[in-house]
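The chain below stands alone and is given in structure tokens; this is the form predicted on its own.
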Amino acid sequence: MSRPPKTNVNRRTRNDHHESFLRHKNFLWLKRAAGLSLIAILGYALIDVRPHPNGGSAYGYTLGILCTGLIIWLMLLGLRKRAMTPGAWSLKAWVSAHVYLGLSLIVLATLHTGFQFGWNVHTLAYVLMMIVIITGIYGVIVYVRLPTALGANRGEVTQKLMVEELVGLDRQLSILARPLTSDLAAIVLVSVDPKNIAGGVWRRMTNQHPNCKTRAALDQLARAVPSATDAPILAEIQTLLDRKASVLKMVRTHIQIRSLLVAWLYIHVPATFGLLAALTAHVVSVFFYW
């Protein structure tokens, strides 16, 4: 029995599956967001308002309503991620729209302000919106680039397996250190420290560990003059410490990449809720006090 010919639909489905959210449907949402921004710019340039369009004009109110609707819709992405559906409004399509329509807010909201800023809740809402957008841009960059680096660093080894190997190495080092002289044993045992893996937030983000106890132990043992009895044991310990240093480097790089992947959310999410509060105050003050 002959196989049915491959159809364009099958090829299109396969291509869509491998297509990134940024390139979704040949940059469909980039084109739509760019078109929306262009219309807003033309409106600002052509509408006859003196001295210029602003938030209190009909044009300004129109943009304000549009921006408010977009911001609320963009905030729904967190809920949308819980439902994986195909089609025109697949999660990939939604994320693509989220990115490009979010960027269009830079143009739309700026034109809505009429370039009028001050020390008030209106400007606060604008500043918070820009913080959300900037952190979102960072999020897009890291999600596009860092997963590849994460895979290249750990290969087929999971973080759990790496940590388990470190625990096993520490156990072997503790056993081998027992017959050594007290001074040499102390050097080895100092390196056996489960808290020595990642460190605090700054060390996780920068992957800088100048006080690494494993590296310090290697340096001290390299300068040591062991007895004939300790020498073979010390050679085995140094081999284990070299392996531990290699695994530590892999684990720390893994933790750094994962930290960079999520760090932006610690600003993006609170700023989003702050924006919602400031936006509510902005809308209430405009409609009830102006």
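Residue positions are given as counts along the sequence shown, with the first one as 1. The structure displayed is predicted, hence computed values, not measured ones.
Below, we refer to the form predicted together with a small molecule, which is not included among the displayed structures.
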Inset, instruction - Can you work out whether the small molecule is within 4.5 angstroms of a heavy atom in all three of 105, 268 and 272 in the predicted complex? - result: yes
Inset, instruction - Note which of 78, 151, 194, 118 lies within 4.5 Å of the small molecule in the predicted complex, where distance is taken over heavy atoms; exactly one does. - result: 78
Inset, instruction - Please pick, from 217, 74, 166, 184, the one residue with any non-hydrogen atom lying within 4.5 angstroms of the small molecule in the predicted complex. - result: 74
Inset, instruction - Decide whether residue 177 counts as a contact residue for the small molecule in the predicted complex under a heavy atom distance cut-off of 4.5 Å. - result: no
Legend entry - Any non-hydrogen atom of residue 188 within 4.5 angstroms of the small molecule in the predicted complex: no
Legend entry - the small molecule contact in the predicted complex: residue 98, any heavy atom under 4.5 Å: yes
Inset, instruction - Consider residue 173 of the chain shown here, and say whether it contacts the small molecule in the predicted complex, taking contact as heavy atoms within 4.5 Å. - result: no
Legend entry - Interface stretch in the predicted complex with the small molecule - options 33 to 41, 259 to 267, 235 to 243, 219 to 227, non-hydrogen atom within 4.5 Å: 259 to 267
